[in-house]
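Only one chain is included here, represented as structure tokens and corresponding to the form predicted on its own.
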């Protein structure tokens, strides 16, 4: 008999540009450490980010906007992601790029509104009545089929449930018997049944049976404590966009017309303003009753200068609405024309009336030492061996061209080192790679020198 171990088929996480960012890297007092949580330098910007995170956590920030402004490759997106990491997984974070609004399928404002709604979470607390315990008996009671014939139908199911405190016998609807069969419930399993919906969930086998087999494929769970019939608090996290989509879809049956309706429907449906207002009313009612609580999340709009004047005016309205997330803009433009206008120039390509509303966080270019530190962190994240001499050389390259270019050289250099039969990247590999690839500045220099040979 052969026993093989099966390798897990879960996707291995690929290393993205900001995989190494784990948080803002602040100490208890909120001051930035020089290098922590994957971020290096940018102390002032990180401290400002820390203040914003505290404001969001204390729910005093909703409806405001922040602008991360700085030259390309100074860590604006990294800073936004670090803020998302600090907030934790329970706070919705919705990233988008300015140019996403120019979709052919739906209106610009619709894309913005959809992302606004994605960034607002709703935490719904429900108290459910459940019957929970280990199954001691499971007897379907049959009757003659009312349609005639020889078949019998299940009229009801008698199920016995046992907990540490006591046992109970329940008489269940035949439809619940079907879900019991689907979950493959047997005597000795621990299950819970929701009283109001009749949903059945099998949690595992009771651990009193744990010594049955030498090799087990079963998950054993302890016998539930307390009574069989109890009230359980269930917390669900949904975003407003989820609610919009759930209510926008036509609820079709199995008849031909509804099937056709679903086939003919375009890929994206626009959600009407009326529907959103109705949902807002219901949400506000829930909040007043204390059933739900609003979790204003973060909407991150990168390359905000790509939005046009219509989008900016729409943002005003969206920012002022009662249900608004915290909006973080990022841009690397200086003074430039606002899209959608001919001659109005403005800092960062954002109209002045919107600039008044935002708190601006500046990111500054990195020094050479900081670049070396960042390249070292990236090499560790990608699992590459590199010596100090090469790191220093890459730091010099980064200072001459850009940090992004220096980081891009890491992987090709490691491939080159492997081809040459080395485990560690050394100075020769880096020098050879810099000869093979051009950075933007040296490419521009060649263009300037040999401009007449290129097409105009």
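Positions refer to the first chain, counted from 1. On a predicted model such as this, the values are computed, not experimentally measured, just so you know.
The same protein also exists as the form predicted in complex with a small molecule; that form is not shown, yet it is the one meant from here on.
- In terms of contact with the small molecule in the predicted complex, the residue from 32, 56, 407, 399 that brings a heavy atom within 4.5 Å is 407.
- Interface residue among 206, 77, 239, 179 relative to the small molecule in the predicted complex, by the heavy atom within 4.5 Å criterion: 77.
- Of the stretches 66 to 74, 410 to 418, 385 to 393, 426 to 434, only 66 to 74 has residues with a heavy atom within 4.5 Å of the small molecule in the predicted complex.
- Within 4.5 Å of some heavy atom of the small molecule in the predicted complex lies at least one heavy atom of residue 374.
- Contact check for residue 38: a heavy atom falls within 4.5 Å of the small molecule in the predicted complex.
- A residue is said to contact a partner when one of its heavy atoms sits within 4.5 Å of a partner heavy atom; residue 366 meets this definition for the small molecule in the predicted complex.
- Although the partner is absent here, residue 17 is a contact residue: one of its heavy atoms lies within 4.5 angstroms of the small molecule in the predicted complex.
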